[in-house]
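First, one chain by itself: the form predicted alone, in structure tokens.
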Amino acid sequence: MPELAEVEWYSREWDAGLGRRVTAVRVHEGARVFRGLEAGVLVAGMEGRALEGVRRHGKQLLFGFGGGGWLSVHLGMTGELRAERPDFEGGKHDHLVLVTADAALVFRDPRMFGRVGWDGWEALPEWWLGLPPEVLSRGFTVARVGEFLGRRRGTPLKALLLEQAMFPGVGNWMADEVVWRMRVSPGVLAGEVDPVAVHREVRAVARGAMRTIGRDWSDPPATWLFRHRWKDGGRCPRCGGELVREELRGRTACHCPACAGKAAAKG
């Protein structure tokens, strides 16, 4: 599933259409990505308007159109954005195609867990203004993290890191990276960890991911868990111990038992 940095990279794929007027909108009417949205409303809202800019918040994307109107995109598990030639017709999984003079802007989602929305007014949508502070913003503070952990003291840390209401943009691999850097296990309870360490490592992982994946889709350094976590039999880049992959609340968690518990837990 695309996480903060992957979504940042995808957000720039539609730069080919910036400032260009949408001459045609092709929609797979009835596709689950448009749930609750009529195709005619989407076509009427964007056709003839120019794409003026994009905003990203966590895993959410918002594209602004001239004259008022906002296209929201959540990539879900398998969604992606790309730019194709203007004569691109689209295939089975290309559920939205915006045609401009220079490029066709495509939203593709084979499994259709993503979502497309349309807000047809000039001001930013209220739901967007109500989103929580991003993890790299000034509003994401140690105090905020501490209050959140305090309210959920009995919840495993790994599960909490996936809560978009507190950690927007953090997904499975980023949460594993944070836990590994803290040298605790994924199942350590929120009430047993230091909010300062959680805040510090979430921001460090987000910054590093934005410098690599978010910039040019390159992998983070080999010293990160990221490069070793995807398959069984991986080795910890820090101590060389065998990595363990197990299920925690329905999600796969990868960690190093040899490193866990050596730091960052409250004492």
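The model shown is predicted, which means the values in this text are computed figures rather than measured ones. Just count from 1 along the sequence shown to find any residue number.
This next part talks about the form predicted in complex with the DNA, which is not shown.
Visitor: Tell me which of 81-89, 170-178, 139-147, 126-134 has residues with heavy atoms within 4.5 angstroms of the DNA in the predicted bound form?
Guide: Of the stretches listed, the one contacting the partner is 170-178.
Visitor: Identify which of 187, 195, 76, 117 has a heavy atom within 4.5 Å of the DNA in the predicted bound form; exactly one of them does.
Guide: Answer to the contact question: 76.
Visitor: Should residue 183 be counted as a contact of the DNA in the predicted bound form, where contact means heavy atoms within 4.5 Å?
Guide: No, no contact at 4.5 Å.
Visitor: My question is simply whether residue 28 lines the interface with the DNA in the predicted bound form - judged by any non-hydrogen atom within 4.5 Å.
Guide: No, no contact at 4.5 Å.
Visitor: Does the 4.5 Å heavy atom contact test between residue 11 and the DNA in the predicted bound form come out positive?
Guide: Contact with the DNA, no.
Visitor: Please check if residue 72 has a heavy atom lying within 4.5 Å of any heavy atom of the DNA in the predicted bound form.
Guide: Contact check for residue 72: no, nothing within 4.5 Å of the DNA in the predicted bound form.
Visitor: Select from 178-212 the residues with a non-hydrogen atom within 4.5 Å of the DNA in the predicted bound form and write them out in sequence order.
Guide: Contacts from 178-212: none.
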